[in-house]
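As a starting point, one isolated chain is supplied in structure tokens, in the form predicted alone.
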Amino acid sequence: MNLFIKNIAQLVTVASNSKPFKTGPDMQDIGVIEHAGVLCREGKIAWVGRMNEFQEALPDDMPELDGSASVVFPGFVDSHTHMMFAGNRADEFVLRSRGASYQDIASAGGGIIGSVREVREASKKELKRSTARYLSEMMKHGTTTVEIKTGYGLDMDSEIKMLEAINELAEEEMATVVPTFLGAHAIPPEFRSDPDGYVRLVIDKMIPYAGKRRLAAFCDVFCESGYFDLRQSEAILDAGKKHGMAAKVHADELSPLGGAELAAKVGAVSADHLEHITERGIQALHDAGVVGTLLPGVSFFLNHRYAPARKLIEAGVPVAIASDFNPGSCMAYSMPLMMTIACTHMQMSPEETITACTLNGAAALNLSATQGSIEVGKDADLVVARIAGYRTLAYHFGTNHVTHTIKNGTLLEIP
């Protein structure tokens, strides 16, 4: 809980100046301080600055970490994952390598529905065990806060089982875990001929139960052709808001359906994916102050088009980056890897990707008041990387440069 990190070669603060996120040119401003120090007290950041400005006398038992050969970043915030699942979908990876598309696999009964079968059969204990293992590995790569969605249950019992498991992990694990209800991830097989019947189940049963028990911070919906249309999506999100869940939207991933405009209309915290967003959708996100969460790992893994990051940034939309870690479309959870892909395939600068993975990621979870930057009073969530400079994090990919992850002032040394 208490820690002094001294002699830091380069400290990247992403200082927010009391703003919830950064937009436009401000995404380049990551607040670099050379030869710096950070003092953590009782899980919070108590001081930040240059070492030659530090004058406080520290107690003899204050733990210290020497950062003289390191760069320190805010803890990474992964604001979009589906990391609670059972089994894997490596067979689909093989099919895609032979030319099958994501839609082809889904139409044949694979995809999301394939994971649904596995999760329905798994116990809550089994789901927690596998997810806890992934959480531990993510922290080793610098992720200190992660959102976890349901959506692989698609019936009352299984969706609640997932929510309960996510909430228990939030209590038991070091990482900050944010639960999102995504009962509207796909139409389950038993409702294939009655999709509106499933929507009614989500609205009338699942959401009220989850809301009454306060099991989810957010309600999300896969707003897409063949999944949930605009009318169904709006009804689900409105129901979630009525029961205390802020809105998120899987928007315009496979087609320009208008999910971004819907996210703006319902006051969503974030609109995620956006590979097929229109100019009208970009303007709607800007006007409503909705965070655009981009998922470069999905486009890379599925060989799909990338979201228009440059257009979004230049339009003043607050842009976040997340992993979308899941067994079907992105079996990867390294946020530095997502930065690399964003730089090489989405023309984002290293500075913009750092902002997108920290402060703006926290904003996509309504957490930027306490997380996402290294500032006095915020949670002491930091990442220590043994690299020559902050740009190296995205530049030198394929290896883990993180030596220490610090959560609420508690030091986790990477083996």
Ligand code: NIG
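Keep in mind the model is a prediction, meaning the values are calculated, not measured. Residue numbers run from 1 along the displayed sequence.
Same protein, other form: the form predicted together with the named molecule, not shown, and the subject of what follows.
Just one listed stretch, out of 117 to 125, 319 to 327, 305 to 313, 332 to 340, contacts the named molecule in the predicted complex at the 4.5 Å heavy atom level, and that stretch is 319 to 327. For the three residues Arg89, Ile112 and Phe222, a heavy atom within 4.5 Å of the named molecule turns up in the predicted complex in every case. Contact annotation for His82: at least one heavy atom lies within 4.5 Å of the named molecule in the predicted complex. The named molecule in the predicted complex comes within 4.5 Å of no heavy atom belonging to Glu147. The closest non-hydrogen atom of Asp252 lies beyond 4.5 Å of the named molecule in the predicted complex.
Phe73 falls outside the set of residues with a heavy atom inside 4.5 Å of the named molecule in the predicted complex.
Proximity to the named molecule in the predicted complex, taken as a non-hydrogen atom within 4.5 angstroms, holds for one residue of Tyr102, Phe301, Tyr198, Phe218, which is Tyr102.
If you take 167 to 190 and check each residue for a heavy atom within 4.5 Å of the named molecule in the predicted complex, you get just His185.
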